[in-house]
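What follows is a single chain, given as C-alpha cells, in the form predicted alone.
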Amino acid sequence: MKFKLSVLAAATAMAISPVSQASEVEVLHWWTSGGEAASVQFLKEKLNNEGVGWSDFAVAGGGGESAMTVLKSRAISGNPPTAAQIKGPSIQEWGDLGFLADINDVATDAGWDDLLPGVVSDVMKFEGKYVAAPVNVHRVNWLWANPEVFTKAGATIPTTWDDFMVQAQKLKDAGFVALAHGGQAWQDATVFEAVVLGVGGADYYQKAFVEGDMDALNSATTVEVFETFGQLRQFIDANSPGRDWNVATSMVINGEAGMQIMGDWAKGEFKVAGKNSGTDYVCVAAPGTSGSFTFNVDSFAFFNQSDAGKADAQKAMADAILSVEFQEVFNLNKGSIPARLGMDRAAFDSCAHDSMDAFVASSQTGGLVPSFAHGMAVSEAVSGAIYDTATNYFNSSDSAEEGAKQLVAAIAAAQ
C-alpha cells in the first residue's frame, strides 16, 4: 500500500468516530451504474427488512481507485466504514494492518467452506479466518458484440486476434466504431489483460503477470502482446478519453459500436436497457481466450467496530450476502455468476451458463487465472506498474519493443 504501516497501525488504535446508529452499516463501494446500482439496492432492501439500516457511501469510478483513496483517508483518520468493497491481495494487506473484523462465526454457522469454491474462500480469509464475504464471480475476458452492426458491415464476430483486426476494419469501413472503449487507466488495463491472455495463453499469463517471472516477462511473447495491443488504437474513436465504461457499453447497445472488451458487469447494462442475450447482443470469450477464465471476485471486507450494535449489523450483512436469494438476484442484476456453489441455474441466461461452465472447466485445465487488471493477482504496487505502463503505451506512439522494455522495468521496480 502507498502509506506507511506505522501510520495505519497508529490509526488502528484511534477511537472510531460515530458515523451511524447501532444496527446500521455504512458501506463504501463504487457500484453506481445502472445494473450495479440495482444490485446494491437489493442488498440494502434485504438488510432493511431484517432491521439493519444502510448508509450508502458510494464513490463513482469503475475501477475503484477513487474509492480506495477515500478508504485510506478514512482509515488513517480512525474512522473506517463498517464494510468496504475490497478484493484480492488488498484484503490481506488490510488484514496485516490490523483493520479487519473476524466474521468467522457467521461463516462457520452457515458452512461457507462448503458453499464456496476454494479459489474464492481462500481470498476471503486472513490467517485462516473469514474477514470478507464474496458477492459474485466475474469473468473479465468477455467480448460483447452487437450482431446487427456486424450484419450491416458484412463482418463476423472474431475468435482470434488476427481475425479481430480483419473484422474490426470491416466495421470501421462501414462507418461504425469498431471497439467501444473508455480512455481510463483501468479500462486500458482490462483490454491489455485480454490481449495478454489471448496472445500468450494461461501459462504465460500466470508466470508473467501473477508470479512476476522475469524470464517470462522479458520474452518475445511480451513484445507480441504489445504489438497486438497497439494495433487496437486504430479502432477506437476520438472521444474515448475519460469515457466511463458503461457509456462505452451503451455505444454497443445503441448500434454506434460493434464490440467492447469488458467484464461481465457489462451485461447488467444490456439488461437495464431491456436487451436479450443471443439476439440483441452476443457474448463470446475475448479473442484467443475461449479455454481460459480471468476471474474477479467482488467482496465486502469488514472493518473492526467498537460498538456492539454495529458489529451485529456487520454480521447480519455478511450472512445476507451468502444467502441463496441475494446471490441469485444480485448476480442477475450485475451480470456475474454466484460465488455460492450449487445454485439453481434456471433464472440465468446463456451468457451466465457459459460463464459457469467455463469457470468449472478452466479450473480443471489450468486456464482459471486471477485478473491482474481488477486487483486479484498482484500487489497494489505491481498492479500500479502494469496500469501505468499499459495506459502510457496505449496513449503513445511507442514501439512494442519500447512498451515491453518499460513493463519489465516497472514490474521489477515494484516487486
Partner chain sequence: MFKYLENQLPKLVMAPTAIAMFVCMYGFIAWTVGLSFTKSRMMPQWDFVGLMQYEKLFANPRWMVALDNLWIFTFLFIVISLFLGLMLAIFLDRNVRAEGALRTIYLYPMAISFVVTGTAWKWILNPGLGIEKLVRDLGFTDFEFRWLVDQDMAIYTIVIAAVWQSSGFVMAMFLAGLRGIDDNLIKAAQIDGASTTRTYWHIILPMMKPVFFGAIVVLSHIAIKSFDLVQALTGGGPGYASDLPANFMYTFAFNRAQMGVGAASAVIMLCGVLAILVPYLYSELRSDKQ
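Take the two forms, find the largest set of C-alpha atoms that superpose within 1.5 Å, and that set is the rigid core. Quick caveat: nothing in here was measured; it's all calculated off a predicted structure. Residue numbers count along the first chain shown, from 1.
Not pictured, yet referred to below: the form predicted together with the partner chain.
In summary, the region of this chain contacting the partner chain in the model of the complex, judged by heavy atoms within 4.5 Å and restricted to 52 to 60, 65 to 73, 23 to 31, 363 to 371, corresponds to 65 to 73. In the model of the complex, no heavy atom of Ala347 sits within 4.5 Å of the partner chain. Remark: Asn239 counts among the residues lining the partner chain in the model of the complex, judged by a heavy atom distance of 4.5 Å or less. A residue is said to contact a partner when one of its heavy atoms sits within 4.5 Å of a partner heavy atom; Ala414 meets this definition for the partner chain in the model of the complex. With a 4.5 Å cutoff on heavy atoms, Trp112 does not count as touching the partner chain in the model of the complex; it lies far away. Residue-level contacts in the model of the complex: of Asp102, Glu227, Asp163, Glu93, one residue has a heavy atom within 4.5 Å of the partner chain, and it is Glu93. Contact with the partner chain in the model of the complex, judged by any heavy atom within 4.5 Å, is made by just one of Ala316, Val282, Leu97, Ala202: Leu97. Applying a 4.5 Å heavy atom cutoff to the partner chain in the model of the complex picks out Glu380, Ala381, Gly384, Ala385, Tyr387, Asp388, Thr391, Asn392, Asn395, Ser396 from 380 to 400, in order along the sequence. Taking 2 Å as the criterion, Thr69 counts as shifted between the shown form and the other one: its C-alpha moves by at least this amount when the rigid core is aligned.
Comparing the forms between the shown form and the other one on their rigid core, the Cα displacement of Val149 stays under 2 Å.
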